[in-house]
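Take a look at this single chain in structure tokens; it is the form predicted alone.
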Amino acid sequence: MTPDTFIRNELALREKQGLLRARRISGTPMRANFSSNDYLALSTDEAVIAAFREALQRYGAGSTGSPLTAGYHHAHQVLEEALADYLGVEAVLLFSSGYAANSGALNVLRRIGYTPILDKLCHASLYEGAGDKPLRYRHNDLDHLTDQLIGLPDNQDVVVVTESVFSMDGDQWDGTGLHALCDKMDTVRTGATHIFLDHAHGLGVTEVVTPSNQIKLQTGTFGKALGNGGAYVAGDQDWIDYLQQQCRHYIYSTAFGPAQAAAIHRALQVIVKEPERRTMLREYVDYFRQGAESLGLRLAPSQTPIQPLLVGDSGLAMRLSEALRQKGIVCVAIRPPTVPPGTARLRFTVTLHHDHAAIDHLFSALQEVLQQDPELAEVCCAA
């Protein structure tokens, strides 16, 4: 079989299984887009846009180089310092994407001798950095994690990899329990037991994660609540300095533009000065869940803006997504391998673009779809 034939066959198979990915040009108004991660509506905030515009005039459109050549500007330094202060850490390093930050930083830890153990539902970027056949523990199952740790050589340094808010289920890590477990392991093992925390979907939405001796590195992105793009790795000064020397994803990538850094900094300032945004977001999430309950929808038990409607079959998830699109509402179907087989879903994300009227409109459309399609109603609604 030629490579061309193999590729065509694989594409045909994915289409038959309802797994073929496709892009659609985004043009739906934000109040009708329930797949956006713009939780605090900062992508369209006037102050953020003004900061971007002013910095474009000052710096130009791009950074013009990697951060270790010509690409590191004053705006990047200002953002790093402000973010370090917000997170309560010693230092921050900026990355072009969350994928690069996660895979690059974890790869460095692995190269200096750490064994990563990942929560089963960690993001693909974390698995990329963990290498071939990484150790895993069942989702949020600290008993299973304990078994994994005890089964390792006594002197092996370990980094437990998890997320503050899990991107596909919307549930949260057990920070208190995980810290207690790491403390316990430090008394029974000679090797270190540290935490690598991906805070991408928690940044600006949940409480700031308190720095600790156990959390050696925290990562996060600016493409969610901060309404922009790019990412960071945060931690102790020595660890961040070492990443700057050794992380290939940082060294050999063009830095994102200084105007973008200025816009992110302004978004961070808005988050600090306007805590009521987070309060309002929580109220919208509660309103969304009340509406879903009134329709008997089979939602995952999430208290975050990520609200998955479990469908199961990939083809049915695609059918529901398309039916909503026909009514002017965007909610992309999430299918394997992004989620485990048999757990395809529509992952609704609630943002400050979604006031009560927008949420009511969504559920009105969803009710019409389910009334017209009994098969979808059967899989989407609780018995």
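Predicted model, so just to flag it, every value in this text is computed and none were measured. In case it trips you up, residue 1 is the first one in the sequence shown, and so on.
Only in words, not in the display: the form predicted together with a small molecule, which the text now covers.
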Go through 271-279, 245-253, 67-75, 99-107 and give me the stretch that gets within 4.5 Å of the small molecule in the predicted complex, heavy atoms only. 99-107
Partner contact for A200 in the predicted complex: the small molecule, 4.5 angstroms, heavy atom: yes
Would G129 count as a contact of the small molecule in the predicted complex, using a 4.5 angstroms cut-off between non-hydrogen atoms? no
Interface membership of R266, the small molecule in the predicted complex, 4.5 Å heavy atom rule: no
Consider G230 of the chain shown here, and say whether it contacts the small molecule in the predicted complex, taking contact as heavy atoms within 4.5 Å. yes
Select from the listed residues Q218, Q260, S125, Q307 the one whose heavy atoms reach within 4.5 Å of the small molecule in the predicted complex. S125
Only hit among S167, N140, Q214, Q148 for heavy atom within 4.5 Å of the small molecule in the predicted complex is S167
